[in-house]
Every structure is written in structure tokens, then in C-alpha cells.
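A lone chain, given as C-alpha cells: the form predicted on its own.
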Amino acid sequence: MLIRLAASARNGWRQLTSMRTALMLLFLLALAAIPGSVLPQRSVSIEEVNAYFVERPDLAPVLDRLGGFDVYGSPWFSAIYLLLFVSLVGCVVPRLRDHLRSLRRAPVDAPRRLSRLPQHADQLAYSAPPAAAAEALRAGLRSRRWRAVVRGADAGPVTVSAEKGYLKETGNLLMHFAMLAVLVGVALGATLGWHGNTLVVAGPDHRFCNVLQQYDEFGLGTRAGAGSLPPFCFTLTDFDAEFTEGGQPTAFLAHGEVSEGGGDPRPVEFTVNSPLRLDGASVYLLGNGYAPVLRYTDRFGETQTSTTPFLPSDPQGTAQGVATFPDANVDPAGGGERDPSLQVAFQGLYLPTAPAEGPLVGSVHPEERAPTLFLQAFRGDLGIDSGTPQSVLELNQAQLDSGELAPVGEAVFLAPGETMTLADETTVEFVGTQRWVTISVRHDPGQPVALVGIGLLLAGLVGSLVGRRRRVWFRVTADPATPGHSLVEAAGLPRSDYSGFATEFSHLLAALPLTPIPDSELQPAGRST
């Protein structure tokens, strides 16, 4: 029974570590990654996953049980990943051992009948005894990067064996090790890495510090926690954007200040293709836009200022958003208690460059050349106290439908510095705008390992395509007709498909110190085959 189990285990191991199984697992891993690209993932955006449950209430729970919303952390994906890793290790280690043995082993001795090999020549002579001729041939081969060895004695034939083309197998092994490095790098990133995205408005009042609570969305590796985030704070001071006359972006540059570990702030700059490198994190620039600044004065003369990012809705910079004042119209004589029915909000459409003529429905250029804010006021219960998440783009539709939140007056267009007066004599002033950027903060300890693996993969691919294993042999015997001279027979054999070996063999013979024997001096037994 034990013998049968051992034989089954041995056969299973052989199947798992075969190249065919490794290729099948690699293909299966690629197929398994497709759902992670099609379905929303919790590690990327929990909001999209929740929206998927709302849109497809019947299908979403089934996909969730199968791990569809956490594909790369699911047991079945991890199983394929680990099996591929084990298969590659079991495939590479024996081949590496055999390859090292081949490199240390001397080239095999010449076959008895060289004339049967694909490339053959025997009309060659050398003006030295066999031993000296063989050493000269060996030196000529080694100068051309052939591994060569001499066998035989002065009394009999002397053979020279040479071999070349181990780069092909080296390249194949290098590609396999590169794949292992990529797998290790990806595993390190998924285990110890983390990432987060957030929107940062310019100004010291909107400083971002690297804590989970300040991220709009984030994802942590299986072994990463809140303590893994390096301590730093970032303040956006300015943002430069350049556009063509047609509105196409040409350059983005974010200016800011960073303080790491509680130290003094230092100025920094970063662009889309040149992220900000910090100790333990990299900050990438993803998007940008404008945040209108509104100053609202309520019926009791209290003033509040709101800087609200408006999100772009087209490439020309047209953006929309909602500015809320939930603590407005609080009577100081009433103990500061908030009346939900007197809350105020403004839903707006911002145009960085309003058209000179025609309907003001969209910006004509993303730069602020003629900034205009289309503003509609609302008063009533905003629904904030209910605990329901609020959209940054529009007001609570349930509150609007119930009539608890209603528009006030007509919508107006405001330029920077202009003021709108509502029916209750409260006012709102469009002060101007601030720039905002969306940044992605990431830490991936496996990225250097994966990059090294990709570099090794390319190097191994080149070696595998360029290298061609081949062997040549020379049999040197004393020339009975001319004492002190030698007759040389040569042959060659490619170990793989190599159509140019015949040309290389001819060039090799021409480069070595060999002299072709004229046909008139050949003995009948010395005719070329």
C-alpha cells in the first residue's frame, strides 16, 4: 500500500513539474485574472461593488460567494498561483542542475565514423605532428569561444572535441527564473503592499496626511495594516496646467509641500509621468480640476465659506458639484440649535471658459479665461442627519421628491466676485476657485523584484532565440607520405534546428590553420565523402 502511494505521489510530482503542466497553469492563471478586470473589486472601489449589488441583486450574491469581487485574494486564484509557482520550481531546479553539469563536463569524444555526420570534410592537412596540430586546433577554437578538449596520444590518432551554444539553454532557464521572480514580486505586492486614492484641494486648510481616514478609497495587502503607512503630510500649494488652443492638455505640474515623520515641510513638484518618491510611498498625479469658493451670509449675519471640488464632466473642464451649508441660519439666541428646515445648499455648474455667445451649457476651453458659475439655491432638510451617504455631484433626490428640500428663486450665472441675493435677504458670493488634484499613494515592495524579473525575462528571451547548440570534431593522424605533417578529418553536428550551420562550419574550417589537400595528391582512400 505504501509503495503504491509513493508511486502515485512520484507520478503526480512528475506531472506537476512538467513543462506542459506549467504552461497549462500559466494559461489558467491568465484566464482566472479576467474576472478581476471585468468585475469591480473591493480592494479598488467598494462603492462600485455596492453599486453592482444594487444594479444586479440576483447575480451579485452568487458572484460574491465565488470570490468575484475579490478575485486576486480568492482561494481558487491563490491555488492556481501556488501550483504554478511549485510547478516552475520543480521544473527549473532539475534543469539547472543538469545544465551546470553540462557546463562542467568536457565535450564528448569524436564518433568513430565522422563521415556520417551532416557536415564533414577530410581533405585537410596541417604542417605539424598530430599532437601539436591538435593543440593548435584547440587554441583556434577556444579563441572563437568554443569549449574544446584534446584526447589521444602521439602514437595514434588525436581527436579535438568542441562544443558551443549553451546560451540557448541558459536563456531558457533565465526565462523560467524570471517568471518566478515576477510571481514573487506580485505576491509581495499583494501581501505587504497598500494603495489609496484621495482628492486634495490647494491651500493649508486642506492638508492631506497619510492616514486611512483621509483616503476616499484604499486597499491594503493581506499582511498590511494601518501601521504600515509611513507618516507624512502633503499640502498642495499650486497647480500648473498647459493646454493647446483646442483644449488638449500638454503638461501638468503640481506644486506642494511635504513633511515626513513630523519634520519641517519641504517644497516638492511632481507630474503625471514623474511621481513624488517618498520614504515608503510614491505619490502619483491622476486628475485635476477646480473647486469654487462660495461665501454664504445667512439671515443672522453669520458668514460661512465653502470650498467644494466640482468634478469635470467633459474634456473642456465643465464641472458640476454641490456646496452645502448644513449649519446655516442657526439663531444665536436659540442656544445654537440647528433647524434642519433652514439648511442651505447650492447646486452648480462651473465653466472655466464660458462661450461669448450662445447658451452657457458648457465650457469651450479648460483654462480659466472667462470663469462662470451657474448656481441654483436650495433650502430645507439636506438629509445629512439620516446617515445616508451623500453624493458630491447632486442633492439627495429623496429629499427633493418629498419636498423637504426645495429650490429657492431662479438660477443665476455668477462671475468671480459677484453676489446673489436670495428671497430671505441671505447672500452668496462667488469668491473664486482653488485648484484640486487627485493623487494615488502607493507602496509596492514587490515592484523592484517584478521589474528585475521582467528584465531577466527579456534577456533570457534574447539568449533563447540567439543561442544554438552545436558540436564539431577533428581527428588528426600522422601523414605517412610527409613525415612531421598531419591529416585532419572534420565533422559537425547542430543540436537544434539551425539552417546556417553549414555556412558556419565552412567559415570555421577556413579560419583554422588547415590547408586543403589538392586532388592530385590524394590517395584513393582519402577521397572526400
Partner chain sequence: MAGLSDTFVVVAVLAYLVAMIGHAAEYAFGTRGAVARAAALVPSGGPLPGADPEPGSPPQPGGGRAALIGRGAVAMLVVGVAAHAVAVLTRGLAAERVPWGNMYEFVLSASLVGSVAWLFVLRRWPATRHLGLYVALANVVLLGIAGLWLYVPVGPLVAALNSYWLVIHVAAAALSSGIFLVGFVAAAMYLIKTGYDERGKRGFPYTLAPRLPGAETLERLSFRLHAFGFPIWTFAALIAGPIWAEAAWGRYWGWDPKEVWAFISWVVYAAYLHARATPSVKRTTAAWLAVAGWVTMLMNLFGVNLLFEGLHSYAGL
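We call the rigid core the largest set of C-alpha positions that still match within 1.5 Å between the two forms. Keep in mind the model is a prediction, meaning the values are calculated, not measured. Positions refer to the first chain, counted from 1.
Heads up, the form predicted together with the partner chain isn't pictured, but that's what we're talking about next.
>> Based on heavy atom distances of 4.5 Å or less, which listed stretch (311-319, 241-249, 420-428, 199-207) is in contact with the partner chain in the model of the complex?
In response: Only one stretch passes the 4.5 Å heavy-atom test: 241-249.
>> So the partner chain isn't shown here. In the model of the complex, which residue out of 353, 376, 447, 396 has a non-hydrogen atom within 4.5 Å of it?
In response: Contact with the partner chain in the model of the complex is made by 447 alone.
> Since exactly one of 380, 219, 107, 275 fits, which has a heavy atom within 4.5 Å of the partner chain in the model of the complex?
Replying inline: It is 275 that has a heavy atom within 4.5 Å of the partner.
> Would residue 177 count as a contact of the partner chain in the model of the complex, using a 4.5 angstroms cut-off between non-hydrogen atoms?
Replying inline: Heavy-atom contact with the partner chain at 4.5 Å: absent for residue 177.
> Should residue 457 be classed as touching the partner chain in the model of the complex when contacts are defined as heavy atoms within 4.5 Å?
Replying inline: So residue 457 counts as contacting the partner chain.
>> Can you work out whether residue 29 and the partner chain are in contact in the model of the complex, taking contact to mean some heavy atom pair no more than 4.5 Å apart?
In response: Yes, residue 29 is a contact residue.
>> Just checking whether residue 365 would be counted as a contact of the partner chain in the model of the complex - the rule being heavy atoms within 4.5 angstroms.
In response: No, residue 365 is distant from the partner.
> Taking the partner chain in the model of the complex, which residues along 461-497 bring a heavy atom to within 4.5 Å of it?
Replying inline: Counting only heavy atoms within 4.5 Å of the partner chain in the model of the complex, the contacting residues of 461-497 are 461, 462, 465, 497.
> Once the two forms are fit on the core, has residue 36 moved its CA by at least 2 Å between this form and the one not shown?
Replying inline: True for residue 36: a C-alpha shift of 2 Å or more.
> Relative to the superposed rigid core, does the CA atom of residue 252 travel 2 Å or more between this form and the one not shown?
Replying inline: Stays below the 2 Å threshold, so no.
> Once the two forms are fit on the core, has residue 373 moved its CA by at least 2 Å between this form and the one not shown?
Replying inline: Result for residue 373: no, shift under 2 Å.
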